[in-house]
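First, one chain by itself in structure tokens, the form predicted alone.
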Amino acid sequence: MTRLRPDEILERVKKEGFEKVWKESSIFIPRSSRSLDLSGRGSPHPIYELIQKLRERFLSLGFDEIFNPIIIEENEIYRQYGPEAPIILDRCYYLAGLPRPDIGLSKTKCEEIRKLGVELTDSRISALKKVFREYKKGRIEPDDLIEKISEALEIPDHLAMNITSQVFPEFSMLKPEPSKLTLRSHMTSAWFLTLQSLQHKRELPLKLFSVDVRFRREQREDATHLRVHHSASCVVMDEELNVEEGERITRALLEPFGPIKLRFIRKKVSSKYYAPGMEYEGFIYDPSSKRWIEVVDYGIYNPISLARYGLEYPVLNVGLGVERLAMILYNETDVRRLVYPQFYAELLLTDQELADAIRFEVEPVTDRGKEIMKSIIFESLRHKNAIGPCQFLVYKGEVLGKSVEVYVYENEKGATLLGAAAENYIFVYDGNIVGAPKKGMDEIQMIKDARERGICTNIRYIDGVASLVAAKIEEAVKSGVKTVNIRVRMARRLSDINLGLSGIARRFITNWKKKIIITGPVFMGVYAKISD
């Protein structure tokens, strides 16, 4: 398998510079002669799987889906939360951007550009000044700046890049400037804007939902806290509303997830965007931790906050934390492991995944080669008890235009054609790979457990050897070799019987200190004669 060589690539960058190596970097990329397999079905992420189920449930309850704004102006938080806003904003991320620099083109700068090998004319200087003016005014996007400099000076793009990095330090000295824009920390901050826009455009009751991300400026991420997480949020706006509808909606929303223990408690101190005494928390009992976990918050919005948006009808809001619900449904104790398994989850493979990772190291590719493989297996098993010295013709015919005769043999006097382990199967049990016969050896607990409770791959030692021989015969025919003689005696590892593991599977076995037990006498000999 061809791979990239990171250390070698980075060493070249260190010696030759980024730009030069970048221009040649396409040669490092291995090209495949095979088409990508687009069949089968991949595995969904548990969070998105849950989000999809929640979306479908909201829709089935008559709610319309909305894409709410993610970027919220600071003043909206003040309109909604009133005096509580500064505390809420402490949990928000503010957006910042790099200012567009004023770039002057002095005689000194022009001289530095010339030292880089650029011929400057009056027209080129004028064109470069225009580029910098247009960039400052925002008429040229940052992504296009190098290209525009290249065009203005009629130089290659790598030289234009050198000019920005070496002649104009203004670009690298820029510091972000904060704005009054925040990333949505509560779905509520977007609902007021959406309701303001839709009031008098849709008939009441207005039932809307959104399942999307929110951002919290947590001091750290740990087993129960993430800076980015999902909220399944809905609002109902109608002429009259009862706060108890929040519990009804919650129970209806969670109904498809099976028996869930729920309880609801009115908050003693309400958030300022809710009316006093009209905010409730919903808890789900988590059997794994034997605790009640807060998952839901609902209430009726404060009329003062509604009035600031000109909203004339009461609004009920229900918000559910998707990751918290997922932790309970998937029996997970660390939200990081659930959301980011690629970073936090240990490498785990099921026995079936491990069995699927076992493969022939080499195998025939032609139809005749596959026929030879089958013939070797069939005839060897048919004569397995023959006593040596003995020899049996298993195939006679053409392979890629050449005559081929294949024999199985045993030269040792008194020995059977096949050893006792030739018919052993490969089993996978509890992360271990075990070679064992279909019957017998019950005194060895690992073999007994693997056979009774493990997964049988249906690969035998003889299958691996026959695949190796058939592939070697194909190779010999192509290269002009006249004979092939392969003798497999004792098997002690997978490679002895032409079997291998994927790198991930082998890493799993090593990390978890599992075992690969492949032993036994195969004593299988195959000989082939090739002629024109």
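Here the structure is a predicted model, which is why all the values come from computation and not from measurement. The numbering used is simple: start at 1 and walk along the sequence shown.
The form predicted in complex with the RNA is left out here; the points below concern that form.
Student: Gly299 near the RNA in the predicted bound form, any heavy atom under 4.5 Å?
Tutor: Judged by the heavy-atom cut-off of 4.5 Å, Gly299 is well away from the RNA in the predicted bound form.
Student: Is there a non-hydrogen atom of Gln219 within 4.5 angstroms of a non-hydrogen atom of the RNA in the predicted bound form?
Tutor: Contact check for Gln219: yes, within 4.5 Å of the RNA in the predicted bound form.
Student: Whether Arg492 contacts the RNA in the predicted bound form should be assessed with a 4.5 Å heavy atom distance threshold; does it?
Tutor: Flag for Arg492 set to yes.
Student: With heavy atoms only and a cut-off of 4.5 Å, decide whether Gly321 touches the RNA in the predicted bound form.
Tutor: Gly321: no contact with the RNA in the predicted bound form.
Student: Taking Arg336, Arg506 and Thr510 together, does each of them reach the RNA in the predicted bound form with some heavy atom inside 4.5 Å?
Tutor: Yes, all three are in contact.
Student: Looking at 439-447, 369-377, 244-252, 308-316, which one sits within 4.5 Å of the RNA in the predicted bound form if you count heavy atoms only?
Tutor: Heavy atoms within 4.5 Å of the RNA in the predicted bound form occur in 439-447.
Student: Please tell me which of Glu412, Glu134, Asp144, Glu405 lies within 4.5 Å of the RNA in the predicted bound form, judged by heavy atoms.
Tutor: That would be Glu412.
Student: Could you work out which of Arg91, Lys396, Arg453, His200 is the residue within 4.5 angstroms of the RNA in the predicted bound form, going by heavy atoms?
Tutor: By the 4.5 Å criterion, the partner-contacting residue is Arg91.
Student: Determine the residues of 415-429 with a heavy atom within 4.5 Å of the RNA in the predicted bound form and present them in sequence order; the list may be empty.
Tutor: Counting only heavy atoms within 4.5 Å of the RNA in the predicted bound form, the contacting residues of 415-429 are Ala415, Thr416, Leu418, Gly419, Ala420, Ala421, Asn424.
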